[in-house]
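To begin, one chain is listed below as structure tokens, in the form predicted on its own.
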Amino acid sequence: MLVTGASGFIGRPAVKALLARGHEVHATCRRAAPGDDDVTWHVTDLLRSGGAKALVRDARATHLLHLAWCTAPGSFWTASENIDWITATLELLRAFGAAGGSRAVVAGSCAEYRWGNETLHEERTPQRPATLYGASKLATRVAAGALCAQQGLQLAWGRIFHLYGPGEDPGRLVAAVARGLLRGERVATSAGLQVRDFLHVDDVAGALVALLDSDVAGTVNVASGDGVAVRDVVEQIALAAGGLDRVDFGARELPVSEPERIVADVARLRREVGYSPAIPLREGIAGTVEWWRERLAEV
């Protein structure tokens, strides 16, 4: 199994899940390789010309889990680097197929859909992204589907929704609220009435690995299937961290374009892939807050 973006937020638990299933794992990182004797690390930059060919030649993998993309909180929605990743992903898939690879799973996004009040379904929901990030993911999905069909490479596309968990970027919602409250600060949030589909990063990784290990092709939503108001999530963080009285709900205004509801239909994930989330939201939030408590105590 070859995993790109393996040192990232989803990559770390994905590698762990693959090892737990007994797979030989080759993994990529852009800088110094982590000290892990169970994994063969490849230091590479997929945005560099020729990087993909060298990687697949050295790894000689049969299966590919492609997670690498630009993900800096906030800026990734509009970053011009999204365009570079379209080309890099297609080059990787082309090289992987030419080298004899048999199956690939690529991380997509719920941002590929037209956001509305309906539950988002892989087949029935229109694909009409509102951001450069979403448009780039969708463009890659369309081109990758044609390319892989032409090469005889089996492709599955995991559309990831809202994730959280230990190790996430401090600028993301759960981490930002937890860190602020644990430091004794006041935290400004929106009214929190928007409904989102949250899934712990270990479950996101587990779902993608299960998808890679299956023979399911096409697009699969990777989510919990349960909608929860952002306010409820923030309150759970505050209960675990202490300081509900220091959360200023409504102090931040949401952009007019912010959708009221983003929730996935997860029938394919559960019935065809055979994966159901293992970590309840309350338990996952509590564990994430505790992880940040330990990190902040080390500073």
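In this text, residue numbers run from 1 along the sequence as written. The structure presented is a predicted model; accordingly, all values stated were derived computationally and were not measured.
FYI, the form predicted in complex with a further copy of the same chain isn't displayed, but the following is about it.
Undergrad: For the three residues S7, R48 and A54, which mark the spot I'm curious about, does each lie within 4.5 Å of a further copy of the same chain in the model of the complex through at least one heavy atom?
TA: Checked in the model of the complex: no contact with a further copy of the same chain for any of the three.
Undergrad: Considering A143, L173, L182, V195, which brings a non-hydrogen atom within 4.5 Å of a further copy of the same chain in the model of the complex?
TA: Contact check passes for A143.
Undergrad: Sort through A229, L153, L90, A99 and report the residue having a heavy atom within 4.5 Å of a further copy of the same chain in the model of the complex.
TA: In short, L90.
Undergrad: Is N117 near a further copy of the same chain? Define near as a heavy atom within 4.5 Å, in the model of the complex.
TA: Contact check for N117: no, nothing within 4.5 Å of a further copy of the same chain in the model of the complex.
Undergrad: Although the partner isn't part of this model, could you tell me whether S190 comes within 4.5 Å of a further copy of the same chain in the model of the complex, counting any heavy atom of the residue?
TA: Heavy-atom contact with a further copy of the same chain at 4.5 Å: absent for S190.
Undergrad: Heavy atom to heavy atom, is L138 within 4.5 Å of a further copy of the same chain in the model of the complex?
TA: Output for L138 is yes: heavy atoms within 4.5 Å of a further copy of the same chain.
Undergrad: Against a further copy of the same chain in the model of the complex, would D84 count as a contact residue? Criterion: heavy atoms within 4.5 Å.
TA: So D84 counts as contacting a further copy of the same chain.
Undergrad: Counting any heavy atom within 4.5 Å as contact, can you tell me which stretch out of 219-227, 206-214, 145-153, 100-108 lines a further copy of the same chain in the model of the complex?
TA: Only one stretch passes the 4.5 Å heavy-atom test: 145-153.
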